[in-house]
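Okay, so here's just one chain, in structure tokens, the form predicted on its own.
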């Protein structure tokens, strides 16, 4: 392998062989560090001629030349100009990264494709994870694609269409009274007892690398330039961490010039551990008590990657903001009604945050802003609207 692992907290390093979980020394998430030479900017012309999908960026990803990924064609999702939505909320150069068109209906396809690819190559045949919804769907689908068994633990409050999708892809599903943290405890116990690979957010190194392709795509879709700000709905935060890593790697390789986009984490006021930690100047998140929001993907009371999320926000000179469920539902309705995007409630949170940050003077009316629609509203049954 031409990459190693580096602990995101204590700096310990490790070889990347086998089925890796978290740092052996401190229990923090690993980050992938590449020993290979950085891909040269001259590769851009060859990249443009390749077929779509996130694996077209394989020189930036943990895949050896003789390896093939477990894939359903994830990635290459549209970055859409949103002029009517922008005019409504006051942003002249607003764009929407629409992840709802991924094979499993959400951005989770990217991370789970990368995680299951590496684990399957290392010999894993059984997986487990907790989910707020979309990750369970993606894990079930990519597990099926790899010929592996998948055990999923989900809160009973998860929208029924998402639960139905998991079982349709062949997952063994257990629904739990409680939140995703409670599901995580059950999933880790199942992994220990049954020898299953734990795919929980940031408890293996490669979901970040899959989500990193979000940043690579945004840069390419904007002609290898970077937007002023990216507004990202944050539960576990893997995508924000991945984009932060992607932009650092692109800048270091000379593919783009800085500054890095300001990374904005948006959460519901009913579950906002990142926002609270950011506002209090802390370097890690404390678990949020009695978490509740209609946006199930934001219902993550204690993200394992909290410290990394906060680093990404601060190093990019971004911010963290909470929106109410009423505001995020209104944002979802605007995104769908004005731009024809099948908005999930988390996408509505990004729209609501953009509007609020503009009114506060954090965003300028003429700067280029990208908001994320992280999944398909149809998978929530549209009851939230």
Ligand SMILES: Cc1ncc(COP(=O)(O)O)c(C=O)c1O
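Residue numbers count along the first chain shown, from 1. What you are looking at is a predicted structure, and each value in this text was computed from that prediction instead of being measured.
One more form of this protein exists, namely the form predicted in complex with this ligand; it is left out here, but the text below deals with it.
A residue is said to contact a partner when one of its heavy atoms sits within 4.5 Å of a partner heavy atom; residue 229 fails this definition for this ligand in the model of the complex, lying far away. Taking non-hydrogen atoms only, residue 203 never approaches this ligand to within 4.5 angstroms in the model of the complex. Heavy atoms of residue 211 reach within 4.5 Å of this ligand in the model of the complex, making it an interface residue.
Contact annotation: residue 344 falls within 4.5 Å of this ligand in the model of the complex, judged by heavy atom distances. Contact with this ligand in the model of the complex, defined as a heavy atom within 4.5 Å, holds for exactly one of 238, 268, 128, 104, namely 238. The contact with this ligand in the model of the complex, taken as any heavy atom within 4.5 Å, belongs to 233 out of 233, 215, 143, 111. Heavy atoms of every residue among 132, 298 and 375 are located within 4.5 Å of this ligand in the model of the complex. Checking 290 to 298, 113 to 121, 253 to 261, 146 to 154 against this ligand in the model of the complex, the stretch whose residues place heavy atoms within 4.5 Å of it is 290 to 298.
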